[in-house]
Ligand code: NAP
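Next comes just one chain, in structure tokens: the form predicted on its own.
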Amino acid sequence: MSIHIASEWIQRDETIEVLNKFDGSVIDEVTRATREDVDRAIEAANDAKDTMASMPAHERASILRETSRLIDERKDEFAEVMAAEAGKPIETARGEVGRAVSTFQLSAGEAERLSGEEIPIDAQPGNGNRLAFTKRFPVGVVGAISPFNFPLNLVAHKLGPAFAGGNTVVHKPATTTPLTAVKLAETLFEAGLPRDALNLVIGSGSTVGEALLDSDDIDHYSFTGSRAIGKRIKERSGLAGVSLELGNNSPAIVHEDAPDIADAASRIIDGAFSYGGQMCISTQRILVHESRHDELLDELVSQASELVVGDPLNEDTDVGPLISEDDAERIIEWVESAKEDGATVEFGGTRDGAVVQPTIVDGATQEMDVVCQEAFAPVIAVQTYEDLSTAIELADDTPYGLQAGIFTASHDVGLTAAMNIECGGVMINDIPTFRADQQPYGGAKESGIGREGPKYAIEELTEERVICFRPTSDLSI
């Protein structure tokens, strides 16, 4: 497959192999971009800025709605590609396609609603009969860097609002999952997007990523990935804008008054093990009141034992492979280390290649890697607490702050948690893994800067301009 630069698909001999994450076979090859390719892509995106900025809102909305329709029409094709290159269970992949359909629809609506406001400038003495209002303008070129775990919907969250706001984009997808990005680019062009408005460059962070950061001609960087790379982008971005979503080790509190332990366990199992825990808001840390510990642990083990682990293309599979065998090896080392430090493995704790058995670690402590680091794997670490203040303190004792959850029958308990855990979102009577695509989504502390969700992202990808009009004659009648 090709990269796309300056309205052309480019194919060369130097390629990157894309592997099936379950059996290791080669699915396809994609052209490896050079630094020169990135420079040309940025130049092409800058050349196309005026075209996109002057495109009427209804045309931008129409392109995004047609993109949504075409993705829905090809949902099985997209899902099968993701199941193979990302190792995502096919049913989970179909769910992601459905969300992307919605994300492009939401972005289309925001293109039509993008507006400024009148400023009551005459509320201040001396401003006479002036008229003032604001209008939003595109920032220009967006450098979009997307991760492997949601190769369609997280890209939709970057591209949809960018195009809705009248910007152009240089997109770098993860090298492990580029095929979905190529397919999406083809779909956007078929939907009517000007071909120079989206440039697709595929390659390593050391080559393509560094070339993007070296440029003075990118106006905003939108990145989802690790803290280390996010910090580097922030340090290198200069005066360009940044939107950074940098992960989490999401806590779920199960309080002593949780109304339904079986329901809480079911939600936790889904949030922890869906797509092998490879989500930024995967449920990882379980903080359970000591009076409900045994009941919850029994439910977690019982429900985890019912999960089907294996080939993501199998319709019955719940948990497929991790993105690489190295990641599988890493998480098993973390689990073994927790055991050495006194924790017990109540379920799982083994792997077969890149496939990790859903794992439940009990008796975890704050210093263990399975607690203090982002696992990005099908592992949950269970801790107990005596009172709510301790639970909140444990939940907040992390450099991360993306989302948290709490199960309780008390409005006061839920709101106390929501008011005191420093993070981007608190889900009451639900897991931290819940996300609606229209909600503001982003983190506090080292989990990132800015918010996704089309309504909120488009504000970050446009700039507000004040326009003030002073009449040269008396307007009174």
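Quick caveat, the model's predicted, so the values are computed rather than measured. Throughout, we count residues from 1 along the sequence that is shown.
Keep in mind that the form predicted together with the ligand is missing from the display, and what follows is about it.
Among the residues T398, N167, Q403, N149, the one placing a heavy atom within 4.5 Å of the ligand in the predicted bound form is N149.
Scanning L154, I380, A162, A265 against the ligand in the predicted bound form with a 4.5 Å heavy atom cut-off leaves one residue, L154. Figure note: of the listed segments 227 to 235, 307 to 315, 268 to 276, 84 to 92, the one touching the ligand in the predicted bound form, with heavy atoms no more than 4.5 Å away, is 227 to 235. Shown here without its partner, the chain carries T283, D369 and F407, none of which come within 4.5 Å of the ligand in the predicted bound form through any heavy atom. In the predicted bound form, the ligand sits beyond 4.5 Å of every heavy atom of E346. In the predicted bound form, the ligand lies within 4.5 Å of some heavy atom of E245. When contacts are judged by a 4.5 Å heavy atom cut-off, H255 does not count as touching the ligand in the predicted bound form.
The shortest heavy atom separation between H220 and the ligand in the predicted bound form exceeds 4.5 Å. Although the ligand is not shown here, in the predicted bound form the stretch 345 to 378 places heavy atoms of E374, F376 within 4.5 Å of it, in sequence order.
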